[in-house]
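In the form predicted on its own, a lone chain appears below as structure tokens.
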Amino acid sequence: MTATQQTPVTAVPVEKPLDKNRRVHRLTGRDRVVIALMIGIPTLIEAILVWFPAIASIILSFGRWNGVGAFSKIQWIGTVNYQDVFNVDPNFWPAVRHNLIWLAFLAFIASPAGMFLAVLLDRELPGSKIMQSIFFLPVMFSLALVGVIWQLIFSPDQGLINGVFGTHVDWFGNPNINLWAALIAASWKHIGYIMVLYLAGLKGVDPSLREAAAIDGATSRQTFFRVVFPAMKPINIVIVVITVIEALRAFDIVFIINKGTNGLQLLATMIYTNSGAAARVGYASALAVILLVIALVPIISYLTQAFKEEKR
């Protein structure tokens, strides 16, 4: 006769129901301190380096001060600086026109050229990796170095262009053409930067979108402009903002060429000249505020339109 063995029954722990009146504390005091430091320190740095100078520039734009001595020496003159900028300064309106030409050139020529290169290199043609490196190389140069390089290329006596074509054109000295020569030099770097951004955007587009468009009989051009380009909307927003900022803060190249004079007046060089050598801090602050407003108008307009379309 065999004895029947019974397996022991293990007790299953029963979860206690949560007390509704009991508060769940997920963050300890140490966690809160760490979060406060992670948020507070960058906010403080941004306030000191960005917001304080911006607000100080707006306030100083209503005063006359040479930048030396106590703040009590500031003479508050209301909107006189702005009146002088718009009505008296002969360099202001040429500088605005040059900045707008700079913006249009980058927006309608340099940026599309970078996008075109990105589309070609995205097709994985032979040698595309080498071409990416070649086009991206100028991005690693500072604009000051780009200006020096193109000074050698555009040199009227021993420059590359005059040597190839057998001409004696003073590309940077002639006020009728030096702006366009500077734009070509600036675009040399801008195209490579835009190419890299669009190339990253193209790699992130879902391949099924292209396949669906091909099944529907769309051509390569229709696929890009009606499917791929709208799918890269975040990249497009970044590139619009970068292009506007690059155009309005243009300074290095023209300062290397002729310090922003003789046909190369820009708002950034006027700000530097008035705040430095001329010691007109209030006047330079008024120019900086005007430049800030000009920069914000296209960026806010584009972002507002983009977000409206996204909500639809």
Partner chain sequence: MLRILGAGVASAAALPILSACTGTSTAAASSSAAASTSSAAGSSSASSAASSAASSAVAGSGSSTSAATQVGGTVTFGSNASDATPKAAYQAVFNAFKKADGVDTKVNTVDHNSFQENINNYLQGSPDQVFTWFAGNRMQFFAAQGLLTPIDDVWSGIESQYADGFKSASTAADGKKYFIPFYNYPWAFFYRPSVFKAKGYTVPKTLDELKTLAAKMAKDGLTPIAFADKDGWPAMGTFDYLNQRINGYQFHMDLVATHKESWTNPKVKTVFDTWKGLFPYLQTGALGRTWQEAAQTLVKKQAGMYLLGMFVGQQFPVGDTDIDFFPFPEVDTNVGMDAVEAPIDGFLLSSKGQGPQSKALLTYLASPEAQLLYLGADPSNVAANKTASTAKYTALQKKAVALISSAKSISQFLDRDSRPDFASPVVIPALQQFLKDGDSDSVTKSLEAQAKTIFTS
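Numbering follows the first chain given and starts at 1. Take the two forms, superpose them, and find the largest set of C-alpha atoms that agree within 1.5 Å; that set is the rigid core. Keep in mind the model is a prediction, meaning the values are calculated, not measured.
We do not show the form predicted together with its partner chain, though everything after this point is about it.
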Contact test, all of S128, I177 and D206, partner its partner chain in the predicted bound form, heavy atom 4.5 Å: no
Have a look at I134, V148, I101, L120 for me and say which one sits with a heavy atom within 4.5 Å of its partner chain in the predicted bound form. V148
Report whether the minimum heavy atom distance between G173 and its partner chain in the predicted bound form is within 4.5 Å. yes
Going by a heavy atom distance of 4.5 Å, is A247 a contact of its partner chain in the predicted bound form? no
Quick one: does V88 come within 4.5 Å of its partner chain in the predicted bound form, counting heavy atoms only? yes
Exercise: I294 in contact with its partner chain in the predicted bound form, heavy atom 4.5 Å: no
Stretch 134-156 - residues with a heavy atom within 4.5 Å of its partner chain in the predicted bound form: A144, V148, Q151, S155, P156
Comparing between the shown form and the other one on the rigid core: C-alpha of I48 shifted by 2 Å or more? yes
